[in-house]
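A lone chain, given as structure tokens: the form predicted alone.
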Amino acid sequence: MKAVVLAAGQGTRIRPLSDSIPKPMLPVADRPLVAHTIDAAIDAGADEIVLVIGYEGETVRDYFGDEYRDVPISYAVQTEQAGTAHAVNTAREHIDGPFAVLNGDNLYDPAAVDRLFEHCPAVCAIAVDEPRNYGVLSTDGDSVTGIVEKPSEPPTNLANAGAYAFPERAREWLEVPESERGEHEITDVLASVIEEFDVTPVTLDRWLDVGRPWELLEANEWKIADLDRRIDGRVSDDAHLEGDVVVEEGATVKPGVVVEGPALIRSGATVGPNAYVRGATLIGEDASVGHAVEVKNSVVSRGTSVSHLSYVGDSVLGRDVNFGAGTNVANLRHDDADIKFTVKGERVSTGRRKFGVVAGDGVKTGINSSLSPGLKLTTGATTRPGESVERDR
């Protein structure tokens, strides 16, 4: 079976992190987000991966090349973002048998992807508490009988998780009319398959749609927790590593450092001296965490520097960020209310009691900057020394 993996979108809701990199290529543990999806497909038996690319597509090509894990990679280019069926239709020439469709910005329970392939035609679903907010599957025993978007009276609590295994004939049904949203929807293709075939619902134990910055943080919490302890880099005898900590070859952990796993310190990164890293933290390639810095439950992306005497908690820092000495991130409100964050101009709840700052690529803070909970610093933004920043910039 071939797997068509959708990776063409920018991800406007996750800005500024996607300003110069496609959302599916953002870091989740030791690889890009989309690589977890591709790995699950290969482990399930995919004999070819067709990547649908668009925004900053060369970034995807450069990473995966023509072959990944001994499986050939093909590319289809979606020049306009016109919906999921439109995206799959751009890959039509590569489809010559049963095929799976997976979203490159979703994390799937790998065992369920195995079952999806095995039971083709099939669709993945996740049991939810509020099905009225989702596309919901109707079922009759072990068969899917239909799908309805955000129903007032849901037929089941099974929400469509956006992963499909289609028979070859579905290739003929990829050209669908525009929906009310002005997009060509893959659910219309699913509806055609349901009319002609017995479609099996495959229930996921775990699934995550990574659309907003705090969901990227949650994705890293999931995948970093899955790592087993491995120490390949240089670790001082005076450092203390506790639990499932991974220090990749080429990374350096200096004297006085304490790392409480799960945590991942990637190749070329430097931590310390006398730093404290804890709580599902990713220290990216060539990043630097300086003297007397604490980083807790955060993503510190490639080439970023958090200088001495700083605190970063529950935050996502993009590439080549430079936090000046004494920069402190607040991640908790005095009233303990959930932190809100700006998504496409609207303040929305993250659902998290603790959430710090999201800094785009190239952000620089002056020494002794104070950053408020739920703050967005756009690509290249700066702060002045001693400044308390309470509003997005």
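Since we're looking at a predicted model, the values are computed, not measured. In case it trips you up, residue 1 is the first one in the sequence shown, and so on.
The form predicted in complex with thymidine-5'-triphosphate (TTP) exists for this protein as well; it is not shown, and the discussion that follows is about that form.
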Closest heavy atom of Gly83 to thymidine-5'-triphosphate (TTP) in the predicted complex, within 4.5 Å or not? yes
Please tell me whether any heavy atom belonging to Gly9 falls inside 4.5 Å of a heavy atom of thymidine-5'-triphosphate (TTP), as the geometry stands in the predicted complex. yes
Residue-level contact is defined here as any heavy atom of the residue lying within 4.5 Å of thymidine-5'-triphosphate (TTP) in the predicted complex; does Val144 satisfy this criterion? no
In the predicted complex, is there a heavy atom of thymidine-5'-triphosphate (TTP) that lies within 4.5 Å of any heavy atom of Ala87, even though the partner is absent here? yes
Just to confirm, with a 4.5 Å cut-off on non-hydrogen atoms, which of Asn160, Ser301, Ser288, Gln78 contacts thymidine-5'-triphosphate (TTP) in the predicted complex? Gln78
Find the only residue in Gly272, Gly104, Pro213, Gly318 having a heavy atom within 4.5 Å of thymidine-5'-triphosphate (TTP) in the predicted complex. Gly104
Heavy atoms within 4.5 Å of thymidine-5'-triphosphate (TTP) in the predicted complex: which stretch in 151-159, 96-104, 191-199, 131-139 meets that? 96-104
